[in-house]
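We begin with a single chain expressed as structure tokens, specifically the form predicted alone.
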């Protein structure tokens, strides 16, 4: 049975909660950023440190956010206010959720633009696969009528075509708005329980494909070769810390919002552990799915140079939209695998964008007494307009750099939003949540919600009071002033 919030909505089961929360966390960062960061920062050393960071930093904050939401049974801001009121603390602590909610909304504005690129590439590979079927070669390599340089030029050409980008951005945002407008049970939960299992099936299938068709051994060495000296490298440590914190969608108010829809019967400690485990598994498996394909298309000398550290493999968006399409050209069944791959990625992007929008919609419904469809349409439309403005950042003919100080120096609108949210707003929100739960909120109230007991409970309280605030503050400090690392 669904649990009702103050607005009458809730998950129908713990399974639905886990799938929705995993869907909110799993996104482009898991699929392309983590594997590239792992390979570039010591392989196994990075992965080990990342897992420790998830367990000791990410998981305690994740549990803190979900328990605030479940106790508050309202929007993220109102949930923090309720916990604060029952703890005889200032309602100003709701700023923790407010900063995160605004960050989630701002992330949505450009996330939808990037997801629009995925929609465009689905169209490219769907057309190519249809052509391959028509020519009687459905299992041939992808895009046979284009040179490597032409395939590399697909993304730059899209970025230069502002109108097409705006259309793709509109398509993705419209789907996001449609899902959120239908509500928790009929919209958000429904796509989570259908799309996330489908996502995992596709991810595992592509991983098996890469193991047999690509350079699986090189990928294993790239991701897991252990260099103990890198464990003490502050750059590696900071990268792993940041990835662990942000890959779980912490500091964005999304987990507080989704926690509000969880039932009293849900063990939040156990559920948070499942969410963190699934999110981490996706990040690691994604590397085993992507890099065998990428390395399989590279010359042996180039692969050796990457493994020896003499050459860097392109990560991030370049890996997703340039390297992989080129690799699919030379892989058997490249058209089909490329199509399935980008469908898989859009599933992850959609479940994340829905959570990003829901955080602010949940608040607007209660704050302004709006119906869910109206609140969703207003906020989704506003996010689209901001995203449309940010999309011009990718067009070199329309470069605009409005700020010129600190981390924003020389950044276009897209870069400013990315830097502002990732390096300031998300760490600030996560830091305030840790301080609030660890030091301010009533202990009995927190203990009644967290699902822990005995030594594990004491360990969690130590982490959320001491280690989490110190580490998150370090992420914030070094993110703002990277020169402090001495690089």
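Everything quoted here is computed from the prediction, not taken from an experiment. Rigid core (definition): largest C-alpha set, two forms, superposition within 1.5 Å. Residue numbers count along the first chain shown, from 1.
Beyond the structure shown, there is the form predicted in complex with tryptophan (TRP), which is absent from this document and is the topic of what follows.
Undergrad: Does tryptophan (TRP) come within 4.5 Å of any heavy atom of residue 48 in the model of the complex?
TA: Outside the cut-off, so no.
Undergrad: Report whether the minimum heavy atom distance between residue 355 and tryptophan (TRP) in the model of the complex is within 4.5 Å.
TA: Residue 355: contacts tryptophan (TRP) in the model of the complex.
Undergrad: Is residue 112 close enough to tryptophan (TRP) in the model of the complex to count, meaning some heavy atom within 4.5 Å?
TA: Contact with tryptophan (TRP), no.
Undergrad: Would you classify residue 107 as touching tryptophan (TRP) in the model of the complex, given a 4.5 Å non-hydrogen atom cut-off?
TA: Yes.
Undergrad: Is it true that 53, 276 and 280, all three, sit within 4.5 Å of tryptophan (TRP) in the model of the complex, judged by heavy atoms?
TA: Answer is no for this spot.
Undergrad: Given that the partner is absent here, state which listed stretch (25-33, 430-438, 56-64, 450-458) has heavy atoms within 4.5 Å of tryptophan (TRP) in the model of the complex.
TA: That would be stretch 25-33.
Undergrad: Using heavy atoms only and a 4.5 Å cut-off, determine which of 360, 79, 252, 176 is in contact with tryptophan (TRP) in the model of the complex.
TA: The residue in contact is 252.
Undergrad: Exactly one residue in 117, 246, 328, 172 has a non-hydrogen atom within 4.5 Å of tryptophan (TRP) in the model of the complex; which is it?
TA: The residue in contact is 246.
Undergrad: Checking residue 460 here: with the core superposed, does its CA move 2 Å or more between this form and the one not shown?
TA: No, its C-alpha moves less than 2 Å.
Undergrad: Would the C-alpha of residue 59 be classed as shifted by 2 Å or more between this form and the one not shown after rigid-core alignment?
TA: No: residue 59 shifts by under 2 Å between this form and the one not shown.
Undergrad: Spell out whether the Cα of residue 427 moves at least 2 Å between this form and the one not shown when the two forms are superposed on their rigid core.
TA: No, residue 427 moves less than 2 Å.
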